[in-house]
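Read the single chain below, which is given as structure tokens and is the form predicted alone.
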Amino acid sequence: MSLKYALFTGCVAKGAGRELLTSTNIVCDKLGIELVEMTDAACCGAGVVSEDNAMIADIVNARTFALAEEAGLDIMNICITCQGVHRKCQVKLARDPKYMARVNEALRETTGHEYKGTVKIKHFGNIMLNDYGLDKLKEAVVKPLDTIKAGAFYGCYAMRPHEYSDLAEPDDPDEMERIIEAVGATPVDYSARLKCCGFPIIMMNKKNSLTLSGNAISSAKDAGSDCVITQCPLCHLNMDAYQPEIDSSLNMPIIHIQQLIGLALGISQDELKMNTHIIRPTGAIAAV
């Protein structure tokens, strides 16, 4: 069965984290997953727009959902923040038909679109687990990452609030670890794997923000991780781009989950744009 999705890139994968979009496209092509980029979709708002005007935020995201429905495709997110915002909006609309009708009325008047409530919204990791399947992913591996110990970092929007989470057990998830195992690497359990990276407060309280990131990286390093695996480019930015400012001695590679899978599929680090990271591959990662 062929898999095809409407790709919602999110903002960061088109800006400061372009290696994420590149690695997603390469990995999906290698796995035979077809992506149709949603070039007309707007920013999800990252939860910020809704603080000022919740209905505007819902109208904007309902338009994105409607575009995917019109294309007959489910949505693939590659940012866990986008995923969390989209799912929250979708659940909110589904639970309140009257409110959804108001949103659709405004949507039709301003854009000519209508959200029908049929589209499924999935993060890349969710698709690997439930649509593509880990058994199939294991079969695609040509370069098992059996020398790598990897610490999963879930990101806030993957777990909170629980009612919108796609994780089976938001308080103690294992989805990322199962993907890490599928490509031959060893998942590392560490105390900060479910903590916040601090990104939401980086512009308001940089010191505390970077302290959160530093604590997470140090926790993974102390537990023996060769790298930290992220599924959110905002977590990736805080832990990679700011790492020299946090503590130059940490030297911990921060790897998108798409890049980890790509390495196991035999894709080179240069193709996956790992040379664009602030913390370049070191140790067991560099040796792949």
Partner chain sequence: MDSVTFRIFRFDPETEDSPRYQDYEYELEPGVTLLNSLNTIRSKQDATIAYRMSCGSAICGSCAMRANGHAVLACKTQTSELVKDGVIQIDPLGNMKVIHDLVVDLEPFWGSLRKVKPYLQPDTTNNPELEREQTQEQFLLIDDVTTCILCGACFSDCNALEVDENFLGPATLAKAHRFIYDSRDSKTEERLEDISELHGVWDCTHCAECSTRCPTETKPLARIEEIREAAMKAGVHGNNGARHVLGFRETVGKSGRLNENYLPPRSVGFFNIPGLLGLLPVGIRMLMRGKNPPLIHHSIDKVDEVKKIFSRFEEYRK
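Worth saying up front: this structure is predicted, and the values here are computed from it rather than measured. Positions refer to the first chain, counted from 1.
From this point on, the text means the form predicted in complex with its partner chain, which you will not see here.
S.K.: Taking 4.5 Å between heavy atoms as the contact cutoff, choose which of Asp146, Asp96, Asp189, Asp172 touches its partner chain in the predicted bound form.
M.R.: Answer to the contact question: Asp172.
S.K.: Consider the chain as shown here, without its partner, and state which of Leu212, Ile121, Met128, Ile180 has a heavy atom within 4.5 Å of its partner chain in the predicted bound form.
M.R.: Going through each option in turn, the one that passes is Leu212.
S.K.: Only one of these stretches, 133-141, 72-80, 180-188, 200-208, has heavy atoms within 4.5 Å of its partner chain in the predicted bound form; which one is it?
M.R.: Comparing against its partner chain in the predicted bound form, the contact stretch is 200-208.
S.K.: Decide whether Gly15 counts as a contact residue for its partner chain in the predicted bound form under a heavy atom distance cut-off of 4.5 Å.
M.R.: Flag for Gly15 set to yes.
S.K.: Quick one: does Lys88 come within 4.5 Å of its partner chain in the predicted bound form, counting heavy atoms only?
M.R.: Yes - in the predicted bound form, heavy atoms of Lys88 and its partner chain come within 4.5 Å of each other.
S.K.: Residue-level contact is defined here as any heavy atom of the residue lying within 4.5 Å of its partner chain in the predicted bound form; does Cys43 satisfy this criterion?
M.R.: Yes, Cys43 sits close enough to its partner chain in the predicted bound form that at least one of its heavy atoms falls within 4.5 Å.
S.K.: Decide whether Ser50 counts as a contact residue for its partner chain in the predicted bound form under a heavy atom distance cut-off of 4.5 Å.
M.R.: Result yes; Ser50 sits at the interface with its partner chain in the predicted bound form.
S.K.: Heavy atom within 4.5 Å of its partner chain in the predicted bound form: which residues of 63-93 meet that condition, in order?
M.R.: Heavy-atom contacts to its partner chain in the predicted bound form: Arg63, Leu67, Lys88.
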